[in-house]
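Quick setup: one chain, the form predicted alone, written in structure tokens, and binding and motion questions come after.
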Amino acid sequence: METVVSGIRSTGKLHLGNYYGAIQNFIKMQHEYNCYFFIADLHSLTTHPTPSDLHGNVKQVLVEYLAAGIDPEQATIYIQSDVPEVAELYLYLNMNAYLGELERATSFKDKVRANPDNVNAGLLTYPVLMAADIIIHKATKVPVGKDQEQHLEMARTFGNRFNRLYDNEYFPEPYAFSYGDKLVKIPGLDGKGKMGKSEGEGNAIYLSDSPEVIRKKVMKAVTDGGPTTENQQKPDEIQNLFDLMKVVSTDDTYNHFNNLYNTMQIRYGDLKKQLAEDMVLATAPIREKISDIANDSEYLSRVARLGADKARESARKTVSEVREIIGFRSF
């Protein structure tokens, strides 16, 4: 069975875009591949070296991914810092990572421009840590977006360089992995593109949002003055609302409001009220699970230990063999 590795940001709540996109693929993948999903708390220190509540952030992410459908019995979900072998492999790979190639990384240059007062060594060697995360489990498939493809290419470079320097075909090459059908794109409430935290809190519906918060956000969604001719093309901000309705509402509901729009009888207040209620219903089961899991400290502790044990079993084997290949020996 092929191995898949994917990192999970240690900050940020899950929104509908995450849930109907990447997480649905994670849920399917965990039954077909040997999956390692890790919460990247070490990575977060590169840009936030003094987090205000690192443990709380990690807990929230773990809770929400479990509530969304990641099964710790099927997949290995673990916290990056619980596997010290990752840091050890990171050290070994750093010895053969060159300054020039690290400085040319697009993400490094972007972060330097954005945060010129926090250009630390961890930020520079971020691609090396990412490579360690991947190749420590000898993964061959990595679900990544366009912004991470250069890092994945560097992971192949570091793995291949290790193989070449020590004359040993130890690490396989990992490649970008697009699983299943095309991901569902969930638009944001501002009418300007996809749903995401980076676009502002009001743009996204989070899985943990209360019904009251969901209603307020949806009612503030951008609209226009209404259609001026029958069957006219919807502007982006209106199309976004209909796209959201297509995801969370019934076909009859969608067709009803679409017909009202096409016949110039649409009342956006009614549309948004219906959309909000359908979102409340769609997120209710996950919201309840989030609450239940967050309050079950014993279960969370058991999941974290299980994930760490499974990840460390794989990581220990790799690091032990890497030490042997390099030449470390015990007297």
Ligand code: TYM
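The term rigid core refers to the maximal set of C-alpha atoms that superpose within 1.5 Å between the two forms. We number the residues from 1 along the sequence you see. On a predicted model such as this, the values are computed, not experimentally measured, just so you know.
One more form of this protein, predicted together with the named molecule, exists but is not displayed; see below.
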Problem - Contact residue in the predicted bound form, chosen from 109, 256, 164, 194 - any heavy atom within 4.5 Å of the named molecule - result: 194
Problem - Candidate from 227, 172, 143, 122 lying within 4.5 Å of the named molecule in the predicted bound form - any heavy atom - result: 143
Problem - Contact flag, residue 83 vs the named molecule in the predicted bound form, heavy atom cut 4.5 Å - result: no
Problem - residue 275 within 4.5 Å of the named molecule in the predicted bound form, heavy atoms - result: no
Problem - Partner contact for residue 59 in the predicted bound form: the named molecule, 4.5 angstroms, heavy atom - result: no
Handout entry: residue 43, heavy atom within 4.5 angstroms of the named molecule in the predicted bound form
Key = yes
Exercise for the section: For the three residues 9, 134 and 148, verify that every one has a non-hydrogen atom within 4.5 Å of the named molecule in the predicted bound form; reply yes or no. Expected result: yes
Handout entry: Options 185 to 193, 92 to 100, 218 to 226, 205 to 213; stretch whose heavy atom lies within 4.5 Å of the named molecule in the predicted bound form
Key = 185 to 193
Practice task
Any residue of 21 to 58 with a heavy atom within 4.5 Å of the named molecule in the predicted bound form counts; write them all down in order.
Solution key: 21, 22, 38, 40, 43
Exercise for the section: Taking the rigid core as the superposition reference, indicate whether the CA of residue 318 shifts 2 angstroms or more between the shown form and the other one. Expected result: no
Problem - Core-aligned CA displacement of residue 308 at least 2 Å between the shown form and the other one - result: no
Problem - residue 244: Cα shift of 2 Å or greater between the shown form and the other one (core-aligned) - result: yes
